[in-house]
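Just the one chain here, the form predicted alone, laid out as structure tokens.
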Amino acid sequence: MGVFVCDLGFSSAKWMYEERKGRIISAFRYDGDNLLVGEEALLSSGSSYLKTMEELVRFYPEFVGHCVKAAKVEGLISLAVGLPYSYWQDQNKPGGAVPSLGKALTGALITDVAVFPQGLGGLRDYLDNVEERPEGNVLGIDIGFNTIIFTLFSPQKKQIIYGKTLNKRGVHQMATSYLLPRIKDLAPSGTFTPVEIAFLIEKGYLQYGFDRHDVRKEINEAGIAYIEHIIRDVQGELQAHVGMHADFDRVLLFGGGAALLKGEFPAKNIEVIVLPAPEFANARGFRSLAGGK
């Protein structure tokens, strides 16, 4: 029996099954009777991205169903999914959202469900692919559309030292605070809805009049400047909660936001690594944690 992975976030659902993988944009339109998800919903009026934890949990079964259909799964499967770390930590208890989600997802082709904390998947994926286990702490930063999840992990003790979900951070904040000022001449109105920002980031260009402007360079520059800012914020959080144990030797960047980063980081004596195919790093780690290959 194979392991099917669906890692649903506020920007997209990443799925993996055997040698196949794909993603469905986390957009939906619900009129009380009919529910559309993915790009089809994004292109119709009244659509919205998933914005809250309640929406994420509520619509998880619908997105899993679409991903299973896209993967053309046949036969019984084990399912591995993820939730943001802080929410997972708070709700992983009897009667909480974690066991409730596992129960809601079980059925039809799915015989059992594992719910993992997002952020841990990327760390597992990295450790699965290094020859020697690192001696110093590793900081994982999972960059989503509306959240950033950071996880300080000790490879030697094989445990999470500290982690937290930073809400209202991520690609949307990077775009509004760091990208739009760089391209303001191309957008005189200066206003973008969250759906328009997601579309701009996805496509990497902006059309103004008869001209189409490639803004991938500006997106990359804004991303690197934003990550430098975020790492300083995370360092402050770690020092406040962990003290002298907050040191780390390397930073792993993954999640959909990390896919925007192509340049060099101004780091000294700390290694900054963007994981391969970073939007699927959590999914690969979940598959490994669930015993899949």
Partner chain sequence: MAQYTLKIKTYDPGIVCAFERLRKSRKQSAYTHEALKYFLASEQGARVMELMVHETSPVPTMPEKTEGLQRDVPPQEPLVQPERPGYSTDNIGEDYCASVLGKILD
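Residue numbers count along the first chain shown, from 1. Under this definition, the rigid core comprises the largest set of C-alpha atoms superposing within 1.5 Å between the forms. Here the structure is a predicted model, which is why all the values come from computation and not from measurement.
Not pictured, yet referred to below: the form predicted in complex with the partner chain.
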property: In the model of the complex, segment of 139 to 147, 87 to 95, 212 to 220, 164 to 172 with a heavy atom within 4.5 Å of the partner chain; result: 87 to 95
property: Heavy atom within 4.5 Å of the partner chain in the model of the complex - the one residue of 197, 180, 105, 71 that qualifies; result: 105
property: Heavy atom of residue 62 within 4.5 Å of the partner chain in the model of the complex; result: yes
property: The partner chain contact at residue 267 in the model of the complex, heavy atom, 4.5 Å; result: no
property: 4.5 Å heavy atom contact, residue 35 and the partner chain in the model of the complex; result: yes
property: Contact test in the model of the complex: residue 202 vs the partner chain, heavy atoms, 4.5 Å; result: no
property: Triplet 58, 112 and 116 all within 4.5 Å of the partner chain in the model of the complex via a heavy atom; result: yes
property: Residues in 1 to 30 close to the partner chain in the model of the complex, defined by a heavy atom within 4.5 Å, in order; result: 30
property: Residue 31: Cα shift of 2 Å or greater between the shown form and the other one (core-aligned); result: yes
